[in-house]
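Only one chain comes next, encoded as structure tokens, the form predicted alone.
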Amino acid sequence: MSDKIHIRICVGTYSYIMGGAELMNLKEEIPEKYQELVKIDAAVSLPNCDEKTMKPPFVEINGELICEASKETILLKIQEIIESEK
């Protein structure tokens, strides 16, 4: 894998109270063998998210916006990216 998987978790008020706070512990859920491949940051707001038409929490993975994100959907996306790089 050439670059790290960059995950940005929205911690803006709406996203934070709708589950973004729980996602900040995501690093603990990532299998140890993948942890060095992932970089996690917090963002007050993410580009292209519209709280009027989309449901939080919002997460951006390598530039792709994910709405209604959960630890499970994020972990699946990480696995998908790693598998596609093999």
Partner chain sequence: MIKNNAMFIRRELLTRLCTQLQEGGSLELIDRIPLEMKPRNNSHIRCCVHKDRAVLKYKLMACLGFNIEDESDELTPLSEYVKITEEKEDITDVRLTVVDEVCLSCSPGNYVVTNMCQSCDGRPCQVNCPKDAINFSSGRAQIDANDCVNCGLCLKYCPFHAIIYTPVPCEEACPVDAISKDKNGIANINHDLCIFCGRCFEACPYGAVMEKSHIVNIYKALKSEEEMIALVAPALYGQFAASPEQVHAAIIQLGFDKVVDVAVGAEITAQKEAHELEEEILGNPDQKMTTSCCPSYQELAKKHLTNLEEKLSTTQTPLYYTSELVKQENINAKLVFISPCMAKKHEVFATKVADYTLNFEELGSMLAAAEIEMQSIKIEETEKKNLEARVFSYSGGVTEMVKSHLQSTEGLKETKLSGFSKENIKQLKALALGKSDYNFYEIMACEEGCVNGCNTIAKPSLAKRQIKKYSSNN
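Not measured: the values here are computed from a predicted model. Positions refer to the first chain, counted from 1.
Here the subject shifts to the form predicted together with its partner chain, a form of this protein not shown in this document.
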I'd like to check something about Leu76: if you look in the model of the complex, is any of its heavy atoms closer than or equal to 4.5 Å to a heavy atom of its partner chain?
no
Can you tell me if Cys67 lies within 4.5 angstroms of its partner chain in the model of the complex, counting non-hydrogen atoms only?
no
May I ask you to check whether Asn62 falls inside a 4.5 Å heavy atom distance of its partner chain in the model of the complex?
no
May I ask you to check whether Lys55 falls inside a 4.5 Å heavy atom distance of its partner chain in the model of the complex?
yes
Counting any non-hydrogen atom inside 4.5 Å, which residue from Asp41, Asp50, Glu36, Glu28 sits next to its partner chain in the model of the complex?
Glu28
When its partner chain is considered in the model of the complex, the residues of 7-41 having a heavy atom within 4.5 Å of it are Val11, Gly12, Thr13, Tyr14, Tyr16, Ile17, Met18, Gly19, Ala21, Glu22, Met24, Asn25, Glu28, Glu29
